[in-house]
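Single chain ahead, by itself, as structure tokens, in the form predicted alone.
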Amino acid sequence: MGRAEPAAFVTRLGRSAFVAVILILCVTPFLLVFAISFGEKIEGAAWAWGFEFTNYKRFFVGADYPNTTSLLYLKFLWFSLYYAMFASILAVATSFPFVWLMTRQSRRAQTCWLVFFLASLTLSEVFVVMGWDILLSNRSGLPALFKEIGITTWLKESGWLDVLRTWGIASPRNVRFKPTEFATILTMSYLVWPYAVILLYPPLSKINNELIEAARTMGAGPVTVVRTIVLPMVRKPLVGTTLLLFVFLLGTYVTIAVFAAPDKSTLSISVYEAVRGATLNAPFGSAQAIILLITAAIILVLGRIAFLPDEGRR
């Protein structure tokens, strides 16, 4: 008993320290942002603590409601969800076949690929966006290359340039990738592509090869095997990965600042401009951040209920 009591005390102390760290690093910042969102902006100064819903009213209907109504920040929220949703779906949809083929290779090849993707995670968003900015630049990137090798001329003669113009990725003279939704979603998808590969690798690598061989023996082709055996077995990891990447992309800043048009910006840009911009309106920036967080939580819950019903009931 004498030795058990100190051990139990140390265990309780360790648990208490762990809970304290979680509270300090996770819960306390959230509570501070939540409290600041009810503050008041002082003209000509910074802001003061308070308890009013002016910032939330400004977000949903505008600061001058009911005289005028503004849905600007709801529009920013929509584009935040729009970019994150399509970029995460694109990343998972394109990484899935790659990971499946990677798991069919030797262990050594799989290890090399995993090391490569883990190393690519060390690249910051700024570095990646800078590379894509050069690649999609209208003067020195792909549009200039298309013009030099004659692709632009062929697009004009075949009428495809007009089609691309309706999609927003061309001008009357050449292909144009900046600023467009296409470039924004493509770059965001590239940012999380290594994460998608790493998250999908464990469930795909655990699929029993005997099931695949049995299906092939019975005459099923590769596409049929993937559609009828592989996809049902990894449905939950696919949905979970998509939701995780979706939440991660909601906070993307540099990509939006470089590739998105000003009228199609997101809340991450708006939050930064409110907190660090010329207005120094931290309460309104905090209110936007809280709304974005609540929206993400709602979508996660709805996605889990809709696509993972078994998990939702638990």
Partner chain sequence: MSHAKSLNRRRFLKTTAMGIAAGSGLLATPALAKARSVKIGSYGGFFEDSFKASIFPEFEAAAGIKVQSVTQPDSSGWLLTMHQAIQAGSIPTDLSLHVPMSVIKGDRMGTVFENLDPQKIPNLGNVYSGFIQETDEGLKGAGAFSYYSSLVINTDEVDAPQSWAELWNVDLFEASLGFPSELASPLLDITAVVFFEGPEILKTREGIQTVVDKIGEMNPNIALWYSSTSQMEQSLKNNDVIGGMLYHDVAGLLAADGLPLASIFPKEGNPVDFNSWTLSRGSENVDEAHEFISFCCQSEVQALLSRSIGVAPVVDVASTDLTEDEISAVAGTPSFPMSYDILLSEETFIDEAFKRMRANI
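The term rigid core refers to the maximal set of C-alpha atoms that superpose within 1.5 Å between the two forms. From a predicted model like this one, the values you see are computed outputs, not experimental measurements. Residue numbers count along the first chain shown, from 1.
Omitted here: the form predicted in complex with the partner chain. The next part is about that form.
Enquirer: If you check P172, G150, P232, G221 against the partner chain in the model of the complex, which one has a heavy atom within 4.5 Å?
Expert: The residue from P172, G150, P232, G221 that makes the contact is P172.
Enquirer: Just one of 85 to 93, 211 to 219, 235 to 243, 175 to 183 has residues with a heavy atom within 4.5 Å of the partner chain in the model of the complex, so point it out.
Expert: Flagged stretch: 175 to 183.
Enquirer: Contact between G50 and the partner chain in the model of the complex at 4.5 Å, heavy atoms?
Expert: Outside the cut-off, so no.
Enquirer: Would you classify R104 as touching the partner chain in the model of the complex, given a 4.5 Å non-hydrogen atom cut-off?
Expert: Because no heavy atom of R104 falls inside 4.5 Å of the partner chain in the model of the complex, the answer is no.
Enquirer: Please tell me whether any heavy atom belonging to L71 falls inside 4.5 Å of a heavy atom of the partner chain, as the geometry stands in the model of the complex.
Expert: Result yes; L71 sits at the interface with the partner chain in the model of the complex.
Enquirer: Can E40 be called a contact residue for the partner chain in the model of the complex at 4.5 Å between heavy atoms?
Expert: E40: no, not in contact with the partner chain in the model of the complex.
Enquirer: Kindly confirm or deny that R108, L191 and A296 each have some heavy atom within 4.5 angstroms of the partner chain in the model of the complex.
Expert: The answer is no: none of the three residues contacts the partner (heavy atom, 4.5 Å cut-off).
Enquirer: Taking only heavy atoms into account, state which residues of 242 to 266 are within 4.5 Å of the partner chain in the model of the complex, ordered by sequence.
Expert: If the 4.5 Å heavy-atom criterion is applied to the partner chain in the model of the complex, 242 to 266 yields A257, P262, D263.
Enquirer: Is the C-alpha displacement of V128 equal to or greater than 2 Å between the shown form and the other one once the rigid core has been superposed?
Expert: No; V128 is a residue whose C-alpha shifts by less than 2 Å between the shown form and the other one when the cores are overlaid.
Enquirer: Align both forms on the core first, then report whether K75 has a C-alpha shift of 2 Å or more between the shown form and the other one.
Expert: Shift at K75: below 2 Å after core fit.
Enquirer: Core superposed first: is there a CA shift of 2 Å or greater at L161 between the shown form and the other one?
Expert: Yes, its C-alpha moves 2 Å or more.
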